[in-house]
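What follows is one chain in structure tokens, specifically the form predicted on its own.
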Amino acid sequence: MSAPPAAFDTFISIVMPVCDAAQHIEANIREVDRTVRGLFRHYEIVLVDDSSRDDTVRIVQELQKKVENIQLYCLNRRSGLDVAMVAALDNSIGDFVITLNSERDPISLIPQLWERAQQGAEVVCGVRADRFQRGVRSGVNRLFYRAFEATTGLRVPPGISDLRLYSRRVVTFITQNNDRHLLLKVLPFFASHSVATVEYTPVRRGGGFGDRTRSTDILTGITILLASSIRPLRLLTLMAMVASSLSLLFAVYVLAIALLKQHVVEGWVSLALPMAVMFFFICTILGILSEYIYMLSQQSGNRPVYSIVKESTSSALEIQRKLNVVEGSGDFSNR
């Protein structure tokens, strides 16, 4: 099959982290090679081995002698799927990059991802159909995405997976972030609003990455929310200010009772007043510290202040005419 004209000069990178995948890695690589070879003239398959304990590396090295364009990178210690994915993105050079979880994602969906990209999407996400089933996990999943939208203003399609396509501009944005291994799931949405989705049912091949547990998902979600937005810090500052104000009002109330009421329970004023003053100072200090952390996070954050999605310019620039440098006229052009 010859490559379509639109993909003739496009360089595509297929990124696949692997871990203890000896049972299926050869079949996966050969299927990826067949699929991509039919779509693109220039491509690479980038594999990052997450310190496999089986024969995964040996099998891949044997395949490199038979299958073209395979790049293999081996991590020195087991670091997890997201870190392996980041390492693969850092070492990919394609105009477009497709990421796959070799244990879950159907390779046959690559043409659909590319089709959506041809329609103008810079980010194409696979959406797992099983994430919409009823249950606690599905409810927590939806709650996370609502909280993320509330704190960042960005909408992330619920149920997104590791099956994705990125343009080179989005990949560059991701690789510029030092915390990309923590925010890999949401960073592309900071880079582009041109997002498309492909719904699919995952497969089960087995391997070292496995399924994330519910507790891991919750901890990951909390990390993403805290690392991707500074609004939680502002919320903490507001809560500290409210608590401080209430403590101060309670202290005033205790003083008023002590001065205006004759029969007060013995020891109540001496107990309540110090507690109210103490909580006032604690909440005030907490609010000030929260604001300092807020300012430090703004100064130390390495994400760009803005990201230009598209550039265009007029065929003839007005500034050139005013400076008299348009070709064929003026002193400057004559020189």
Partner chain sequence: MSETKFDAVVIGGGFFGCSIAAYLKPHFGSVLLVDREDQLFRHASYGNQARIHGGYHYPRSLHTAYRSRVNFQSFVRDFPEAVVSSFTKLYPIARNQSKVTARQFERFCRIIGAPCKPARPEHVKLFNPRLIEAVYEVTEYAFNSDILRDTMRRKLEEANVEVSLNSAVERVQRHGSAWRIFLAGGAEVETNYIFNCTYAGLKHIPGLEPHCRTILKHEIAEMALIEPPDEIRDLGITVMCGSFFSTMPFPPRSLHTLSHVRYTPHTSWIDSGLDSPDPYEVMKAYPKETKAWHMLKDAQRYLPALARARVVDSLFEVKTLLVRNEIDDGRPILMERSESAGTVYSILGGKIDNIYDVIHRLQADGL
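Numbering follows the first chain given and starts at 1. Here the structure is a predicted model, which means the values were calculated and not measured.
Although not depicted, the form predicted in complex with its partner chain is the subject of the following passage.
- A residue is said to contact a partner when one of its heavy atoms sits within 4.5 Å of a partner heavy atom; residue 119 fails this definition for its partner chain in the predicted complex, lying far away.
- For residue 231, no non-hydrogen atom is located within 4.5 Å of its partner chain in the predicted complex, even though that partner is not displayed.
- Residue contact with its partner chain in the predicted complex: residue 169 places no heavy atom within 4.5 Å of it.
- For the chain shown alone, residue 284 is not a contact residue for its partner chain in the predicted complex, no non-hydrogen atom being within 4.5 angstroms.
- Site annotation in the predicted complex: the residue of 223, 91, 79, 245 reaching within 4.5 Å of its partner chain with a heavy atom is 91.
- Only one of 73, 145, 190, 253 lies close to its partner chain in the predicted complex, with a heavy atom inside 4.5 Å, and it is 73.
- Look at 275-283, 41-49, 22-30, 262-270: in the predicted complex, residues with non-hydrogen atoms within 4.5 angstroms of its partner chain sit in 41-49.
- Contact annotation for the candidate site: 108, 112 and 209 all lie away from its partner chain in the predicted complex (no heavy atom within 4.5 Å).
- Counting a residue when any of its non-hydrogen atoms is within 4.5 Å of its partner chain in the predicted complex, the hits in 175-202 run 175, 176, 177, 178.
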